[in-house]
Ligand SMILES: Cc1ncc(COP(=O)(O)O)c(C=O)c1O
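Okay, here we've got a single chain as structure tokens, the form predicted on its own, with questions on binding and movement later.
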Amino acid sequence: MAAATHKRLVIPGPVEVRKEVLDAQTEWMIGHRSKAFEELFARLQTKLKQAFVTESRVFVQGSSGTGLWEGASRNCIREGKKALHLVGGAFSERWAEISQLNGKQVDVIAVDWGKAHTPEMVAEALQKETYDAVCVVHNETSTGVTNPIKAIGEVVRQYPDTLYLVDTVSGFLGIELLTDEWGIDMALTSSQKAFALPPGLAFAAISDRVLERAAQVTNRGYYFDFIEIEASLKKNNTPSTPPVSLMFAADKQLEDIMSEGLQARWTRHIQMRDMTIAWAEAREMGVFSQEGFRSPTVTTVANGRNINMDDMAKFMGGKGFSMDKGYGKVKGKTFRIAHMGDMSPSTLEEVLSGIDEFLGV
């Protein structure tokens, strides 16, 4: 698409992708059973371990993050055992549904949309029932809530037979994540959020405990069989054909992310969150998510001025920005401003100034 007609993405996925990263996809194709691919895969492993802050392996899958939800449910919950899902938005609801659709027994701790889960809620549940896994969404994209996964992990670690599974799809590389230190057994994500890659790749840091559990599960499925994925990973490869071009892009992007530095990247996202919250409150719009748990990667703005989302999106489209109109049951009552990936504070200022012009303030 010509640059003149491109609208910069301010939606919470897919996010804007830099031209240098897009261009990395045009590398000459290589065979996925070749030595060249093994070298590419090995480079990705080294960088991904740094990005997840883990000493464990990182699975690389040609899928959306949804695929790894299914993989987590199939590989980490044994027949006749239960999983505890923490639900408080559209995506945490969907993961719980996927576990159920895969025949797993599921209990749910539900909170209102816009609210966060607490360690106390999890502690109470684990005292009453035995679970194979606790499943939590790090950053609920539909509501702009970041759950306290470090504190929740401290509770889960008191139960040695319970795995701690974290969806960090819209958190990874935008919000602090210390996989090993926080006792996370599986941290799964996808490419099109704060990673700032095109859609189509999913990644997961996988502990030894996850593989030990998977070996106890008879029906793990085929495409997301963690035992098979691990066997191929040891040879720097994948069981099925991977999206090679996307992996070249990931290699380039990870190089640039490490040059920026994880701490600097997390700090930049916090700066943009604080800018957006201050703007929303000053315009008497309000913020939908619970104070103290507001996301560094996406702010769900409460539509306190009752503006027409379609009109706002059309106006901003004329300024070269593609905007969100809210998600799920709070669509229209809220809208989301995504400030993740490679977005800079100066670009965010352009976005907020554009909305100000629409509002006439």
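Please read these numbers as outputs of a predicted model, since none were measured by experiment. Note that residue numbering begins at 1 and tracks the sequence as displayed.
Beyond the structure shown, there is the form predicted together with the ligand, which is absent from this document and is the topic of what follows.
Interface membership of residue 147, defined by any non-hydrogen atom within 4.5 Å of the ligand in the predicted bound form, is ruled out. Although the partner is absent here, residue 139 sits close enough that one of its heavy atoms falls within 4.5 Å of the ligand in the predicted bound form. Though the partner is left out of this view, residue 207 does not reach within 4.5 Å of the ligand in the predicted bound form, counting heavy atoms only.
Though the partner is left out of this view, residue 73 does not reach within 4.5 Å of the ligand in the predicted bound form, counting heavy atoms only. Considering the ligand in the predicted bound form, the lone stretch of 212 to 220, 191 to 199, 232 to 240, 154 to 162 in range is 191 to 199 [heavy atom distance within 4.5 Å]. Contacts with the ligand in the predicted bound form, taken as any heavy atom within 4.5 Å, map within 145 to 173 to 167, 169, 170.
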